[in-house]
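One chain follows as structure tokens, the form predicted on its own.
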């Protein structure tokens, strides 16, 4: 592809009033010899767009640089097709809306940002998509419960083939064990039939759904668009090729034998919600000890949930299930006494109508801490502290006590020792230690043929990882999506919506993979990493640090990239000490050229320079919002966006200090159990790498505080100016970089 650059400088939105447009154009035409450079007050208007299109058609411009507003706006307007490289220079939000107008330093900042982009184009090439020859357009759904069946139906309705795998001998999951379910339809006041038979019949009527029952997954190999799955059915195996996978294996009740303090095991009349459901399904509800019809029943909420000794989290569905079962009792005998001992009733959304129905039927809700359950010859007594009255309370002569014993994901560790991300952090504490992957689930569900482990990494409490904030359903294994109560605790209504969302994500994955494009969060990105294997030292940093398992290894330790697993974050590029990994539109030399293009004033000019590497996912939007709100910050900074701080290669810090920058500030996403970091581990990895920089700077006689990293989220836009100004002030106290001018 020939490279002919056209630069289009917009003077609208106050840009022309704050900057010298001719001086900007001179940077392009004189310094960088750009053959086409035009100015206009309204490039995003119809006339302005036509000017650019005309240059593309008649002047054969292939690289378009628009200097004006942020690249996060008008992206639909400036769409010139896949054969044109488009770069945006943010003069509006990042310069004229945050700096003094018609000022020498403001002009210098604007010119530097244009230089940065033009320097980037020196090494930038149009990405060529990695397209599979035979991308599978089938989705495998593992788990035949409510979420699994819903996902399968939604995918099938969208016109895709489905392979539905269930380990039991029939579909249904929790529905098979339920007498009725909480209402899914208006007026949301009465328990409903499970509808299982109709759901199964609908699945059987879909010719594009293949159902395997009494089947488990023996191995899942490959990558999005080309997963090779081995299914084990009885004594034989079956091979299936699929393009995406939905994990919908649900949850199981928390082990009730651990709830002896609530009477379980001491009396047959203390049962779990599941056991009570089975009793209701038999007809008249009778207590297990003697078959007596129940007249007085108590439900104990959070039995093991929201308890640091058991399950620290809320199990989400328990309150609604207890309300449903309380109405069972009232439906059998309106005069029966029914008590619900609760910490908090959580019946969100339409289930508030359900809660009020139970109240109107005479169900007594008592906010209390249960201190004991005693058995007196078959009858039970509950002792508790009433939290509203501030006094002891009790319920005696109870026929039954039902424990809402919460849910545990089927992916949880077999020994119930739930893994957390803090294990990663502790393992990475040493500066030279390669980060250890997140705890791997030991459930033997997917049996992945991945170097990183046979199952999905786990989040807190053993749930398979998912970016709860920005990307629900997404696990760190590209093309594999979690849905329903296996992903997080949820009720049936939420599970249905969750399953539909996962189905949509799986379909999107297939479509994007078929085009060779990234799925998320850089949706549509056609680039992928290129490995110069002749210089590889088999250090394994890229395979260890990739958050998504996109790189395996051969028997000699050489990296084996899987392009369709890749999410284009560049973490591998930042990890590689030999700098052999690059993208056509993002590489270590390219970023080096960008920072070297910035003009560094002489020491006697007393104009310090601070370089900011800002994550494009949260930091750049926050900076844009600061500009939109006209928040001022230091004129000495220059900002270079990065895909993720995980892509930060330490040579950039060295280049910046050698160039004469007085300080380097890194702005990245927050990381932790909520996975604010869009690439899961990027900002954490950057922090680990940065610990090595301090030693280097100390050896050079430079203060290690000249390089600093902080985490922000997109809503911290009002804090960003203060963060920047405080860092610049600290750098100013250190004085100029002694390497300035060399």
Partner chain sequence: MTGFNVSSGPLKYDTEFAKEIYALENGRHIKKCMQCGMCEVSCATRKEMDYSPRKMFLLMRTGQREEFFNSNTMWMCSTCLMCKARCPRGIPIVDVMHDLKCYAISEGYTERPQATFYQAFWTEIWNRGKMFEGGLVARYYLKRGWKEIRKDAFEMKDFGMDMMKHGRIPLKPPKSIKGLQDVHKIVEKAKAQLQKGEDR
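Positions refer to the first chain, counted from 1. This one's a predicted model, so the numbers in the text were calculated from it and none came from an experiment.
The protein also exists as the form predicted together with the partner chain; that form is not presented, and the subsequent description refers to it.
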message = Counting any heavy atom within 4.5 Å as contact, can you tell me which stretch out of 333-341, 206-214, 267-275, 541-549 lines the partner chain in the predicted complex?
response = 333-341
key: residue 356 within 4.5 Å of the partner chain in the predicted complex, heavy atoms   = yes
message = How about residue 389 - does it come within 4.5 Å of the partner chain in the predicted complex, if we only consider non-hydrogen atoms?
response = yes
query = Is there a heavy atom of residue 364 lying 4.5 Å or less from a heavy atom of the partner chain in the predicted complex?
reply = yes
request  = May I ask you to check whether residue 396 falls inside a 4.5 Å heavy atom distance of the partner chain in the predicted complex?
outcome  = yes
task = Sort through 83, 308, 360, 236 and report the residue having a heavy atom within 4.5 Å of the partner chain in the predicted complex.
result = 360
query = Within 4.5 Å of the partner chain in the predicted complex, heavy atoms considered, which of 553, 352, 603, 255?
reply = 352
